[in-house]
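Starting off, we have a lone chain in the form predicted alone, written out as structure tokens.
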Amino acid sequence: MNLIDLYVHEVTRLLPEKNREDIALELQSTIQDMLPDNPTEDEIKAALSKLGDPAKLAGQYRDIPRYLIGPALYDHYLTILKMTFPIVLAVVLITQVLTNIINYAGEATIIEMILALSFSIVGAAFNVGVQTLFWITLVFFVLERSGAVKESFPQSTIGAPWKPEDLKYLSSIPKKKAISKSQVLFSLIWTAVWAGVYFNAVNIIAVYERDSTSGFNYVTPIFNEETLLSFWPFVCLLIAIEIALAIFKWVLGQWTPRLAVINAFYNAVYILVFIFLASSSNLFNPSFVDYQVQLFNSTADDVMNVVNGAVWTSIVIAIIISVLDSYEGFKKARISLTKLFNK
């Protein structure tokens, strides 16, 4: 087998079998066109050198890119990671400190408490950090492969060297449609905060009694831990959608019909999960109800009537906020919707 055949074989073996024969013929023809009649071995080597590494050439023939996060999104990917990790780590630090302080019974020494706190912070930070990296990478991978952000990148500028002529494809973002970086940052902070509070609700959202000697003492959690944890798949789905939505907003930088639809979908999922969780009969800790009965010298039914009234009020408020947020998204994208319907 001569050098040309070896080179063609090395390129095509890295490609899907269904494409090998056609690409082999094409590559053979390309190499022959680069060579004179009766080429010498040095001329063949020079031609093959121009074509370059067979592995890189095979990558150019592939329909699917070989990189995980492509160049069009890679800077956004790094920026989101740099923004998200400090937020997540800060929430982990705060929740772990609060949890350890609340659970401190005074039996361990200060040094033992500090060591236990340090280990819990490191362990929680590692677990949450790995999950954060995984989910953000997954979101960008899906955006890259699905082409969901093509509407924000002119086709002529993707995968090709930039040239001044590409500027004619760009247009400024109207102020009413623009999404500021501060909005995305606030969204990420909010997600990290409510997720951290939710999974530590038993230790944070509770009844405390003031003591003249030791300050505030932890009495009883308000919510039932088993009920909260039973909803974890749905809560994790909300977190994933919210992070994906924030990343999508960051990449696009403006409201579009697709983004408005995704935003409305998130709000719908959020309302459904919130209603199912809030209306659960076992949401509140029985000891919290008993505490309220003794505190107000009332009955359990009276306490639950007040609690249920507050729950349904919060559900109505959440629905109103979600509807307004969805409406605002479609309103800001209305220019693109008009163009879409006129096509």
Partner chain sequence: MSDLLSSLTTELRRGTLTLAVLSQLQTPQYGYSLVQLLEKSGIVIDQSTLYPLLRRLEKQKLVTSSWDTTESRPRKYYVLSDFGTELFLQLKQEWEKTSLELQQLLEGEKKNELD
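Residue numbers count along the first chain shown, from 1. Superpose the two forms; the largest set of C-alphas matching within 1.5 Å is the rigid core. Note that the coordinates shown come from a computational prediction; the quantities given were computed from them, not determined experimentally.
Below, we refer to the form predicted together with its partner chain, which is not included among the displayed structures.
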- Query: Might residue 61 be said to contact its partner chain in the predicted bound form, defining contact as any heavy atom within 4.5 Å?
  - Reply: yes
For this session: Report yes if any heavy atom of residue 301 sits within 4.5 Å of a heavy atom of its partner chain in the predicted bound form; otherwise report no.
Result: no
- residue 293: touches its partner chain in the predicted bound form, heavy atom cutoff 4.5 angstroms: no
Do residue 45 and its partner chain share at least one heavy atom pair within 4.5 Å in the predicted bound form?
no
Exactly one of 281, 305, 29, 314 comes within 4.5 Å of its partner chain in the predicted bound form through a heavy atom, and that residue is 29
Exactly one of 318, 57, 289, 277 comes within 4.5 Å of its partner chain in the predicted bound form through a heavy atom, and that residue is 57
When its partner chain is placed as it is in the predicted bound form, are 82, 133 and 142 each within 4.5 Å of it, taking any non-hydrogen atom of the residue? no
When its partner chain is considered in the predicted bound form, the residues of 18 to 47 having a heavy atom within 4.5 Å of it are 22, 23, 25, 26, 29, 30, 32, 33, 34
Does residue 22 show a Cα shift reaching 2 Å between this form and the one not shown after rigid-core superposition? yes
Once the core is aligned, please say if the CA of residue 301 is shifted by at least 2 angstroms between this form and the one not shown.
-> no
